[in-house]
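Next up is one chain by itself, shown in structure tokens, the form predicted alone.
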């Protein structure tokens, strides 16, 4: 970790001048982008308010009107009707109507995204502003799917002949102005926006992987807002007079994805032992500097229907962990590392740099596992390396920050992670359970809130008992905001930066 002096030295070496342009808000984060495709990088364009979706989500995760001003569901749950706002125009001047919306949804269904899991039988327009979606079976997460960035509404001119996006023409209060992947993107105020216009004329998004460099930028006045800070930077920035740090819990869990088909990890007792080795309290207090963020189950606070409120806090219990491992035949070797049948209990754990806390947490876990006689080789890869390791079977352990608010109703995400086959890219690997897929499918058709909650609680219980992945901490988003910004708003679902509501101090 760098000291304050190290940051100041970096600043002097950088030799950069402050950004005091009264027309431009500059913000930064760790996430690179390579395209304008909603299916790949759409989260960035909805956050920057270039693209919008048919439905929106409020801070409590409830569905709200978006480009559709209202919606209704048939009695049998098989038909959803969405009534579009009149007078909405895309950035190229094209009017939004049901035919244009249909075309955008059909493109979305042809590409990777959450809408492909929805049992859609037919999409049709009933009149100029009415869109109907017919399902083959009831599917309660459909509203949340239609609020997901991969289903953003784009004008027909956005697409090239091959169906890929050439230049994004959205409906938001900002239009795309500059596109310089993977590190710079500029947007400008759209004067004909259907809703309340943006106050700040232009916004520039900058990508930077090094967390300390991003902190330096906001200290030096180069950037106005920095998202996703590392713990050391947070301590430093809190001492700066012209910067305010916002700490916001979000529905994201830092968790260990593991290969349950690996012979070391296949027995439930082995996964239980690894969980008991973790000193989550020490990591929360001394590594993340967020006491109370220890995770005793996968689903984070805020998603109440999916939480087991009576579940005890997760506590370290090394004696019990050692006993469980001994029961599986693991005994300490001469160097203290557990051995069985001539094999050492040695595994590899990978993580990624997009979330700067992950590597620090991974090294803390490495040290704690060593106390129990387990050797971890920790390395940083691109986040895509976790997905490829999942598919080719080489992944052993991965430390990830799973966003359970990626879809407003976590049912859709849990279905992807643990549904048919039970093995999602960011969920289970090599783990199977007969009951869980049936429960998930049943909840898709459940419209009674009490029965829905009962099913969600049973699913949460199965995940807690079986540990196909191991929860570590609940995530707190750390954001640094320059004092020249007023009206900063944080979206716990990370769907929207709400830039149009911000302004500069007079």
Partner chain sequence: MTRRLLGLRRGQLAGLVLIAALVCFALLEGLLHGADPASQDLANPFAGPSLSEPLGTDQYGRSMLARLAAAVRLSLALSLLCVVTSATIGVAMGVVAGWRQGLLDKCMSLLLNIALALPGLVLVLLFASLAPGSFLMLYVGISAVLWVEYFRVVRAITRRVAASPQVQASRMLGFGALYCVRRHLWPAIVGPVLTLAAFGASASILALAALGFIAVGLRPPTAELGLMMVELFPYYNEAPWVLAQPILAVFLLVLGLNLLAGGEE
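These numbers were taken from a predicted model, which means no experiment stands behind them. By rigid core we mean the largest C-alpha set that fits within 1.5 Å across both forms. Positions refer to the first chain, counted from 1.
There is another form of this protein, the form predicted together with its partner chain, and it is not shown here; the text below is about that form.
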query: Can you check whether residue 171 is within 4.5 Å of its partner chain in the predicted complex, heavy atom basis?
result: no
task: Consider residue 232 of the chain shown here, and say whether it contacts its partner chain in the predicted complex, taking contact as heavy atoms within 4.5 Å.
output: yes
field: Distance check, residue 83 to its partner chain in the predicted complex, heavy atom within 4.5 Å
entry: no
- request: Tell me, yes or no, whether residue 261 is in contact with its partner chain in the predicted complex, where a contact means a heavy atom of each within 4.5 Å.
  value: no
- line: In this chain shown alone, the residue from 74, 136, 99, 379 with a heavy atom within 4.5 Å of its partner chain in the predicted complex is 379
- request: Go through 107, 88, 299, 236 and name the one with a heavy atom inside 4.5 Å of its partner chain in the predicted complex.
  value: 236
statement: Within 4.5 Å of its partner chain in the predicted complex, heavy atom basis, the matching stretch of 118-126, 191-199, 281-289, 332-340 is 281-289
- request: Give, in sequence order, every residue of 308-327 that has a heavy atom within 4.5 Å of its partner chain in the predicted complex, or say none if there are no such residues.
  value: none
message: Core superposed first: is there a CA shift of 2 Å or greater at residue 348 between this form and the one not shown?
response: yes
